[in-house]
Every structure is written in C-alpha cells, then in structure tokens.
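Before any questions on binding or motion, here is one chain by itself as structure tokens, the form predicted on its own.
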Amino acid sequence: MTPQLFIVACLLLPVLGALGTLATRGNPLPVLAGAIGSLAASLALVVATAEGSVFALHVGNWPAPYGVVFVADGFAALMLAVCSLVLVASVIFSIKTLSPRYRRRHLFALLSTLGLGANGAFLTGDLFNLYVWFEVLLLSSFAIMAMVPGGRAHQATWRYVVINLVASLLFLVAAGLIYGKTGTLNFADLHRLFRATPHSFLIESSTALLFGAFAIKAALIPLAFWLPKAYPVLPPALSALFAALLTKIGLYALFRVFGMVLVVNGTFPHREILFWLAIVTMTGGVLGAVAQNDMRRILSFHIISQVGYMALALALFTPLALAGGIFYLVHHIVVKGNLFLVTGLVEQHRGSSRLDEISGIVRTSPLVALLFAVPALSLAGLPPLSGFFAKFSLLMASLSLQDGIAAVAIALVGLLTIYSMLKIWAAAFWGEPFGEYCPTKGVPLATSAALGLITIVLGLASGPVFALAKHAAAGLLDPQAYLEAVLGSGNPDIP
C-alpha cells in the first residue's frame, strides 16, 4: 500500500466503524476494529515519514491551493499513532466498564466519529478544513458529554459547549479574515505568502483571534476554567480519551499554524504572549492540582499544567525545544490517558476516587498500585521514564537560550508535580485499608497494564522516539518537503 492509501484508511475506517456499530444496534466491535485499523495505518505512516518524507493526497486530483488536500508528515503521523492507541484503549475499557445505557445512546459510534475528527485535524492541509474537523470532533464530544447523568454533569456540559462554541466562532472569523487578505487558506500557500510579505495589521489581528481560539481549545490559562469542571464528571474510560485528545489537538494546531505557517524571519505572531501564558499555565495548573482532594480533579488540573510545558516548547522555538515539545505530546497522551484509566480501576476497587475515602490500595490490590506508579512517576519526570526525557529536553533548551525564567519554572513545577503524585500515593495507596473493596481483574486491568508497558518502552527507547520528534520539528522549521509535496516541486514560487 502507498502512504496515500494509509491516509485514506485513517479517514475511512472510523466512518466504517461508526456505520457498522449503528447497523448492528450498538455493537462496539466495528468501532474497535476501525480504531485498530487506524492505529495500524498511522504506524505505517510513522515508518514512511521517519526520515522526513511528506506525502500529500489531493482530493479529486485538484491541485493545491484550490482543492482539499490531506498531508502526512512526521508530526502528523506521530500524533495519529499515539491518539489512535489511546482510542483503542478507551474503547476496550468502555466495553468492559460502562453501563448499557451508553451503548443504547450510540456512544461507540460517537467515539469513532471523535477519532475521525482527530485524524482529520492531524492530516488536513488547510485552515478551513482544520475548522471543519475540529467541529466534527467537538460535536461528537458534546453528544458524549450530554450522556452523563446528573445536574453537576449537565452544568459542566453547558459550560464545555459554550466555551468551545466561542472558540469555534473566533476560529471561523479569523479564517475568514485571513482568506480575505490572502485569497488562500492552504497551509503551504500561506507559508509561501507570509514568507514573502511582512505581516500587516490585518494579519496580526486575525492571528490574534486564531491564537485565542487555539488557546481555549488547548486549555491555556486564563482560558482553561472549563476543563477541571468538565473532565471529572465523565466516566474514567471517557475522560481518558478526552484528556488524551482534545487539548492535544489544540496544541497541535498551535504548533502547525504558528510554528510552521505563520513563521516570518524565525518568529511568529504573539510568541512573547505565548511564553508568559505557558509559564502561568504551568504554575497555575500544578497549584490547582495540589489543592484538590479527588484523583479525577488532580489529574484534570495536571492536564492544564502539562499543556503549559508543551506551549512553552513552542514559545522557545528552537529545534531542541520543538523536538522536546513533540516528544512531550507523545509521552503525555499515553501517560495521562492511562492515569485516568487507573482512576477507573481505583473506583472499581474501592468505590471512590476521593482521597479521604480510600486508603491502603497497595495492600488490597498491589497490581493497581503498580499500574498507578508507572504513569505517575513518568508524569512527575523521574528517570528512566519518558517524562524525564521530555522535561529534560525543555530544560536544556531553556538553558541554551539562557532563559532563567523558563528553566526555574520547569524545575519548580516538576517538583510540585512530584508532590501532588506523592499526595495521591500517600492518601490512596499507602496506609491501612478500610471499608469494603472489590477485586480487580480482567480486560480493564490488562488495558491499563499495556499502556503502562508502552510508557516504560517510551522511556527506555526514548532515543529512537526522540529522533522521530526531531525529524518532525525539523519539518516545522524547514517545511520545504511539505511545500513540495503540497504545491509540487515544479511550482515557481518554491525555491
């Protein structure tokens, strides 16, 4: 198969999975098969793009920038693979842990369309279709959020819907203004135009709207207040998927648009603002986590804090920082998704995730304790796990720039992250067990164990994975191969 066929597979298989589930009245196996097929196709794209190759699929054979184009480069392929992996894990965990009411409400078909929206966002080659794929993903997430019963869940759903609709409006207005100024929304064509023409006031103001939209979707403070209210109300099988996908797609859009498309003379609009937002997000998120008394809420605030690390990588904007940021994305998607799944195991075992209601899990279920310890230590950044290499690369990038503020923030937030993980361990896993508990076994346990093993492999094999991240970062800084794949090497505007 050619790489273009793998691109088609990543877009077609989720659709077939959703249709198969609807045709079989909620049977989740077609969705699971589609997710596994998408994972296989995305891994094939990782291999195909490993050395910096870029592959474009022009829909209807219309040449860019006039037609719809899907592009697979190293960055897109890595994101496709790791998000497909967590989708597979979430579907398996959902099959075994969620009540039948979710199946009756077509949950699994919505999970498939959620994956479709994510895959389309990673592969699209123009700004308008990025908006379209965002909406596919968001509409699916709205419907999933609305399934959760209870008044608190309904309030969180409304908050989640409204803030994301505001972000979508900002996105659409910004895209319209940029098209009105440039006559194109194709990423490669926009990069070519911006490289040749200094930013005007209209472009700067339009990109400010775009920056705001992506900052909301990525959950940068002060635009992150919706996240710790929304994610904890979801069942762990679903919050794992939301935590892995939604904010990371916002970060992907920031990296792609501001790190490749809008770059002029080695910088991009609002870079200084992004730097300070990243520092505030790192710090505010971890302080919020330290103050919580529930595993779900602690992990939700940690999503915000870790988003700050990845945004800081883009703000530093050096080859090492971008490679570290991309590696951080890969690491965090796996680790954070698994931590929410382990929270589900804790709730199955002890009936609660509140730290004042559980204790002694290391004695009643040592395996669950081990499954928590691996991703928790990785999130905290302890060697030789993947989180250490992600944070160390960002620390080295900040020191190479002699940026003391970034270096101190990375170190201090890392220490507070360790403290918050120890807080969970001391309260929930250590101590004497009390109350009733149920044994944990079966497929959910094996699913979390598989993600834990992948976390260990990411740390022990960090060299090859980081090499893929370096190629992906190089493709953002020097998108020559991207331009040639999209616009054609014979285009006179390509040097």
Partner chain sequence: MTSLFLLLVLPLGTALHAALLAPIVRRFPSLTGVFLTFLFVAGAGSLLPQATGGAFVHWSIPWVEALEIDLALRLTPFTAWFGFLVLFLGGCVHLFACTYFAGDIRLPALLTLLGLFTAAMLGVLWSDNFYLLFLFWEGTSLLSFLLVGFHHETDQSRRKASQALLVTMLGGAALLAGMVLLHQQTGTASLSELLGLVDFAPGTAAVILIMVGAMTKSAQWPFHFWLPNAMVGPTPVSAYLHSATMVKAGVFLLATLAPVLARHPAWTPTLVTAGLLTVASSLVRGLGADDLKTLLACTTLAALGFLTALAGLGTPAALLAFVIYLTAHALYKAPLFLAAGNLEKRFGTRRLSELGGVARHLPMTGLVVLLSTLSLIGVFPLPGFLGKEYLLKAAWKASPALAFLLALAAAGVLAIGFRILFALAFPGSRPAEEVPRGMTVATLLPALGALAVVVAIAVDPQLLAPAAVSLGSTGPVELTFWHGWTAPLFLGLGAIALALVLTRLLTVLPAIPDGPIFDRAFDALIGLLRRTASRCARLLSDGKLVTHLVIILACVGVLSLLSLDLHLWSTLPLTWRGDLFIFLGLIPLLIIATLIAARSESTVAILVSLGFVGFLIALIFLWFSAPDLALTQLMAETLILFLLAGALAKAERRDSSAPGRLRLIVAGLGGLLTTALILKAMTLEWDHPVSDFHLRQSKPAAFGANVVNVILVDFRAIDTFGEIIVLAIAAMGANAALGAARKRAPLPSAEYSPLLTTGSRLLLYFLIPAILWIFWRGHNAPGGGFIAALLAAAGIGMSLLASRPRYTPAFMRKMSHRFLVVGLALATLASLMPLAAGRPFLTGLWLHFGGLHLGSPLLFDLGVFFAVLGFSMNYLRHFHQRTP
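Please read these numbers as outputs of a predicted model, since none were measured by experiment. Numbering follows the first chain given and starts at 1.
The form predicted together with its partner chain is left out here; the points below concern that form.
The putative spot formed by I163, L223 and I418 is fully lined by its partner chain in the predicted bound form; each residue has a non-hydrogen atom within 4.5 angstroms of it. Stretch-level contact check against its partner chain in the predicted bound form with heavy atoms at 4.5 Å: of 335-343, 144-152, 246-254, 91-99, the positive one is 144-152. Checked against its partner chain in the predicted bound form, the candidates P65, P30, G452, P444 yield a single residue with a heavy atom inside 4.5 Å, and that residue is P65.
Checked against its partner chain in the predicted bound form, the candidates Q348, S393, S353, S365 yield a single residue with a heavy atom inside 4.5 Å, and that residue is S393. Contact annotation: F268 falls outside 4.5 Å of its partner chain in the predicted bound form, judged by heavy atom distances.
For F55, no non-hydrogen atom is located within 4.5 Å of its partner chain in the predicted bound form, even though that partner is not displayed. Taking the partner from the other structure, its partner chain in the predicted bound form has a heavy atom within 4.5 Å of a heavy atom of L460. Under a 4.5 angstroms non-hydrogen atom cutoff, its partner chain in the predicted bound form has G212 among its neighbouring residues.
Shown without its partner, the chain has R104, R105, H106, A109, L110, T113, L116, D126, F128, N129 in segment 96-129 as residues with a non-hydrogen atom within 4.5 angstroms of its partner chain in the predicted bound form.
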